[in-house]
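Okay, so here's just one chain, in structure tokens, the form predicted on its own.
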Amino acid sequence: MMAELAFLFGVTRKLLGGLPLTIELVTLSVATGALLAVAMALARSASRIAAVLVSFYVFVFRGSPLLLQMFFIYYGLGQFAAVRDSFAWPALRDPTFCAILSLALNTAAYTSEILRGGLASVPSGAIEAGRAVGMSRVMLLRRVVLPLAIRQALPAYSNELIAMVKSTSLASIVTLMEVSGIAYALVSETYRAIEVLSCAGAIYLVLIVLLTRGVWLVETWLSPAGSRA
């Protein structure tokens, strides 16, 4: 029994060594994806051509597996001489950059759809009230439209954040030793898959619980009752 507990403790300690990289992947990809999603949501209302291009982008990235997207960016782009000779090659041959890029592009497609639904749910009366008091288009967007849209989209976006935490496990296919990458290596060394993967799953579960709690706090703060508290 003591030997088993010692083994689990040692495995957990090794897996926690990959936690900073997992958090880095989630943070940077989600932040980049959110910025891209806002830009795409705004571009959809700017022109018809932009709306068509954004819709095609969303169709491609939502309709293909993230695993294939990550493979294509890390392994596929290097097959083109123009890419290898470009200024972007030092970044595109870096596995961390490619993992963040693929995760960000993928989550941007899903987030833009979530945000589009949130923007569509903003009451027209709130927009008319903002215009009536003399708000400019930028101020109306910043003070009225986006806060209401984000509040409406937050429950659905929390599911996307959870999916992104779990999707970082795919980064091990591009040689990154985050939590899952270390777990696969330990399974190969110890042949104790159940124990190792259970420890890795527990770490992901704790991350998701903390993330869910954080989203709930933000949702409470943005709600009318929370803002009066």
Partner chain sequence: MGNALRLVGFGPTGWGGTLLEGAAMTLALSVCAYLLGLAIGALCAWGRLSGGRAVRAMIDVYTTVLRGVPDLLVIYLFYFGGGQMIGAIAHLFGATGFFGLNGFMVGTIAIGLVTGAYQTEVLRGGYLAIPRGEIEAARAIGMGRLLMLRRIIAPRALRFALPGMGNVWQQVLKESALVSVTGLAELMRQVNVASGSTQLPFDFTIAGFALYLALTTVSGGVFMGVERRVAHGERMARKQRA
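Predicted, not measured: the structure shown is a model, and the values here were computed from it. Positions refer to the first chain, counted from 1.
FYI, the form predicted together with its partner chain isn't displayed, but the following is about it.
Asks: Would residue 71 count as touching its partner chain in the predicted complex under a 4.5 Å heavy atom rule?
Replies: Because a heavy atom of residue 71 falls inside 4.5 Å of its partner chain in the predicted complex, the answer is yes.
Asks: Although the partner isn't part of this model, could you tell me whether residue 64 comes within 4.5 Å of its partner chain in the predicted complex, counting any heavy atom of the residue?
Replies: Yes.
Asks: So in the predicted complex, is its partner chain close enough to residue 77 to count as touching (4.5 Å, heavy atoms)?
Replies: The answer is yes: residue 77 has a heavy atom within 4.5 Å of its partner chain.
Asks: Would you classify residue 208 as touching its partner chain in the predicted complex, given a 4.5 Å non-hydrogen atom cut-off?
Replies: It does: once its partner chain is placed as it appears in the predicted complex, residue 208 has a heavy atom within 4.5 Å of it.
Asks: Look at the candidate spot formed by 59, 194 and 200 and say whether its partner chain comes within 4.5 Å of a heavy atom in all three of them in the predicted complex.
Replies: Checked in the predicted complex: all three residues contact its partner chain.
Asks: So which of 30, 36, 162, 42 reaches within 4.5 angstroms of its partner chain in the predicted complex, heavy atom to heavy atom?
Replies: Going through each option in turn, the one that passes is 162.
Asks: Spot the stretch among 97 to 105, 78 to 86, 148 to 156, 122 to 130 with residues whose non-hydrogen atoms come within 4.5 Å of its partner chain in the predicted complex.
Replies: Careful reading of the contacts points to 78 to 86.
Asks: Does anything in 133 to 172 come within 4.5 Å of its partner chain in the predicted complex by heavy atoms, and if so which residues, in order?
Replies: In sequence order, 162, 166, 169, 170, 172 come within 4.5 Å of the partner.
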